[in-house]
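Only one chain is given next, in structure tokens, and it is the form predicted alone.
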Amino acid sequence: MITTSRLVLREWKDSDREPFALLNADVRVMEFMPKALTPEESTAWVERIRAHWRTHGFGLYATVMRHDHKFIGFIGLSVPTFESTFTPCVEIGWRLAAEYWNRGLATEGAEAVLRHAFATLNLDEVVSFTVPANRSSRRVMEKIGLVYQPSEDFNHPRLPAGHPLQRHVLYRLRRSDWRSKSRDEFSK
């Protein structure tokens, strides 16, 4: 479990399934995903998240508000299962319910996850990727210190050629750069 001033990032509970299904059915939330998910697809995804935790010892955290424990989405780490020029890797990602956007919550949670990734898990690097038009996620990536790598833009291998969401941008952050940034902020 990871806590921040406003969030609790914790393991998944069966009670998270329904709000997760609602989040994944929201076309606003899923704008940059291939499609909204059915309740059955959301449930299957929760099971894959739990399996990822068992396999890797880390994963996507169910994310709740600290003051009322309301489920708002996920923030965490995952190992992509597709092959690309930058895999294998560990990705940081997030998906929050639309009513919790523009409050800095994704940034707050992602910063805590990065700290865990580098200081506890001792990962060498974390990446993140999205479609070029997803300015909100790209802003979060930049705010938490990831750096855009234009030469590594790629076509997502799970999307067919010509799909409007096929092209992706890649951001990276190495632990050594995170440490330098953390020291710089501490010394201010």
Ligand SMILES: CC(C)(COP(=O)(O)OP(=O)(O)OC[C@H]1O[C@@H](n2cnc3c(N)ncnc32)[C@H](O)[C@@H]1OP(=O)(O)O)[C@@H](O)C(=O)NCCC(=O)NCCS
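None of the values given here were measured: they were computed from a predicted structure. Numbering starts at 1 and runs along the sequence shown.
The form predicted together with the ligand is left out here; the points below concern that form.
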* Structure fact -> Among 117-125, 157-165, 29-37, 53-61, the stretch whose residues bring a heavy atom within 4.5 Å of the ligand in the predicted bound form is 29-37
* Asked: All three of W12, T43 and R48 touching the ligand in the predicted bound form at 4.5 Å, heavy atom to heavy atom?
  -> no
* Asked: Would V113 count as a contact of the ligand in the predicted bound form, using a 4.5 angstroms cut-off between non-hydrogen atoms?
  -> no
* Asked: Is there a non-hydrogen atom of L105 within 4.5 angstroms of a non-hydrogen atom of the ligand in the predicted bound form?
  -> yes
* Would Q149 count as touching the ligand in the predicted bound form under a 4.5 Å heavy atom rule? -> no
* Asked: Taking 4.5 angstroms as the cut-off for heavy atoms, does R135 touch the ligand in the predicted bound form?
  -> yes
* Asked: If we check the ligand in the predicted bound form, which of the residues in 127-143 reach within 4.5 angstroms of it by a non-hydrogen atom?
  -> F129, T130, N134, R135, S136, S137, R139, V140, K143
